[in-house]
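The chain that follows stands alone, in the form predicted on its own, written as structure tokens.
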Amino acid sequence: MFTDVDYDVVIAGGGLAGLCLAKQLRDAHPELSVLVAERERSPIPLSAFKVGESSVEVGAHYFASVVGVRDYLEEHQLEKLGLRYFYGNGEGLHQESEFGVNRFLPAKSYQLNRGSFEEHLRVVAIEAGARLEQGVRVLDIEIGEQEAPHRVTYQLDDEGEQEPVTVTCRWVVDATGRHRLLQRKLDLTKRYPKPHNSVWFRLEGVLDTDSAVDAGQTAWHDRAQEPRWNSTNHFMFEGGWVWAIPLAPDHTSVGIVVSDDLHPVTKFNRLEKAIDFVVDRVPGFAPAIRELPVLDFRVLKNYSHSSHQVFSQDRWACVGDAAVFADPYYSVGSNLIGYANGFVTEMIGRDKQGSFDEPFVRYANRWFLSLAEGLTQNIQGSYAFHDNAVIMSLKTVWDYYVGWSFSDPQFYNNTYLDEPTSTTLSALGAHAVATQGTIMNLFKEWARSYRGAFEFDYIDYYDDLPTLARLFVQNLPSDEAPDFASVLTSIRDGLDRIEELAHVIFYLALEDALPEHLEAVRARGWLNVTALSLNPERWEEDGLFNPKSRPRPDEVKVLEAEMRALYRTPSTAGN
């Protein structure tokens, strides 16, 4: 399409992000010539290939509807039974607080065997008209500024000496994963202040969460209609979590994720130590975890990173792990692939039309990097109290409210690709964004002074939370795209519920940490939720009792009853 270049687009790296982008570009602009240069040859190792195996609703929608592989996912990958969390001391899962769902959600998500999935995506990209060069190593990307073409040099990666090949292109996209060719070349990498580390290994066979509990514990087994194995299972502890993720057809991914200041990676940087660590946290996994064949073992220090820039008016971009790597706690990696690939596709389309400009690039960088960095900071800020079941369950409910009713609809409706529309939504959500930081600080304060006024056995975050479930369903994509007025109405509804939830969380925190202040605060009525804290001396000065929005006491009363039904006081028997 573009003149005087060998290819319109060269994608360095043919993993999940690069292959999906190639397919998306060819679908959106069939006249584009797209080259994907990938080091790994087919056949790809199946289960022992890459992590990033768990998707959530946005990422699953991207793969199924945008990339167009829904039928493949349904037939060859496992449907995910939501995110599931266990909080306890490792004596037995049936004695721990559990937060999850008992049946599959209305919007599907998937557990991805990355090897088989990427092997299929190679076929899909080629069938869409992209050219895939396998077994080649990208040696250099030479950026052509302004209108000059880029030059990408790669070499056949085998034992013999092969002459490097250089091709020119209008657009170049770095999808090389953690190699991050452009970020390293242009010194763009940003690190988070507190390192977090991970190790993982894949097992040949099923490491079944349900089998970790004796069959005689019928009440525990009966509260989940579907096998817990299908969930992304999180086994929480102070400073980190263990994951267990199923992979089709019958393999299991196991990992440990920790904050470095609480758990140095030397605790589990060898396979034997890692397995011991997992068994200490989830005793019911033994002896199976010691008997199943181990397919691989990896250590990744300081895994999260961001970037100063991922899109450029000079027609280059970074996607996937070559752009950012958010904390994996909420399985948002595929979401970020969808957002970044959407921006790249939009930019190339605008370039094709002659309307690609610097203001949109600035907006895209700001929007995307704020999302990725905000997710990681929000997640990693809670590692110190991962063992607190009540506070973490409330934080997860809060995060789902924000995600399902404000963030996710922006992907489903592509509003993030239109700056004026996105600016309108950002202004609408500014109060909720400000409250997000306040609520996070409130959780940190509460965790430091927690007295144990509440506890729970099991929370089903769909069936037990009808308001959240309603917001989830009403914001899901439909066959017919809604008009912007409808999107706006739905998001306003969600933002109101978020503000009401902030009131309820504050009341619960006061009842536990500062019970002597609870009734006095209630008597003051509607609050300024951007000023919540557990420091009574600052309430007046911070404007806690000077609300900025319309009071909705009846709605708070209804939501508080819904939320309180999740918990009991320690003296109350059963749940």
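Numbers follow the displayed sequence, beginning with 1. Everything quoted here is computed from the prediction, not taken from an experiment.
There is also a form predicted in complex with a small molecule; it is not shown, and the following applies to it.
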Report task. Considering the small molecule in the predicted bound form, find the one stretch among 332-340, 205-213, 396-404, 365-373 with heavy atoms no farther than 4.5 Å from it. Result -> 332-340
Report task. Would you mind picking the one in F285, F325, F311, W446 that has a heavy atom within 4.5 Å of the small molecule in the predicted bound form? Result -> F325
Query raised in the report: Can you pick the one in G177, G429, G88, G82 that has a heavy atom within 4.5 Å of the small molecule in the predicted bound form?
Result: G177
**Report entry** Touches the small molecule in the predicted bound form: S97 (any heavy atom, 4.5 Å)
**Finding:** no
Query - Partner proximity in the predicted bound form: R114 to the small molecule, non-hydrogen atom cutoff 4.5 Å - result: yes
Query raised in the report: Would W243 count as a contact of the small molecule in the predicted bound form, using a 4.5 angstroms cut-off between non-hydrogen atoms?
Result: yes
Query - Distance check, L300 to the small molecule in the predicted bound form, heavy atom within 4.5 Å - result: yes
